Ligand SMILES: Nc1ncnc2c1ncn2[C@@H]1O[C@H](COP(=O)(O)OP(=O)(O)O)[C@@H](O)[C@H]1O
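What follows is one chain in structure tokens, specifically the form predicted alone.
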């Protein structure tokens, strides 16, 4: 049984024009203990909506989310069940997610109070800070006194204070400079290794994803189009959208090669194309793609893809 399991998830919003926008259109995803699962795709594909629904910040229109075998209850006015407080989230902008009027000790103390419900040895504020590479002596300071990378470490320390079993990190490094990105990514990997938590890492930066993720799930316009172990996906993507994302990454190989941009723009999610949603931009689309929605098929060990033209990997035939 997966630690975090998402099945047939649908998330809808009311758009500015009054039209209904389906941000997530029936997605499946699993995160195991001690595993990093990356969710990637262009901006506007529904990654953050899926992440928020996974932790109960928004109510799904359909489908299910379970954590440790129990349904995840959307947040309301009543307190969340104690066991579900071990499902934590780290947000993209740490300055917005940390209350600027509260000291670091108070922010992390919120998580420590949650962890008291789990029993066992409780960490101190200083131990939480030291676990993310910060000094215990900063506990009396305020968020505005730190850099972006330091604030994100504080946000991670707050999540760790609750003794989580699974963390959803929504673009946790995109607002940081390159050196801070690498530092936070390495920190997350070490925490997963040391604490055996599950991590859903939402990102559009595939170069980071390749380095840290065990499993990569590719999302396009509200749907999962491919899931695979990260290295096989990078070597031989089965979906043309995955191949396009990988081809658009700049390689620092000194050859001066320009990355290949994906043609066109992401369609309006309020009016997605019929059939395969990627077919207007797909370089290999056939007539069938414009009328028939492709089903996700098992095409190799741990590998699925939703493409009419995708072939099973050789070792799986």
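Residue numbers count along the first chain shown, from 1. Model, not experiment: these values are computed from the prediction.
Below, we turn to the form predicted together with the named molecule, even though it does not appear here.
Contact check for residue 49: a non-hydrogen atom falls within 4.5 Å of the named molecule in the predicted bound form. Residue contact check for residue 21: one or more of its heavy atoms lie within 4.5 Å of the named molecule in the predicted bound form. When contacts are judged by a 4.5 Å heavy atom cut-off, residue 273 does not count as touching the named molecule in the predicted bound form. Although the partner is absent here, residue 42 sits close enough that one of its heavy atoms falls within 4.5 Å of the named molecule in the predicted bound form. Residues from 1-21 that approach the named molecule in the predicted bound form with a non-hydrogen atom closer than or equal to 4.5 Å are 13, 14, 21, in the order they occur in the chain.
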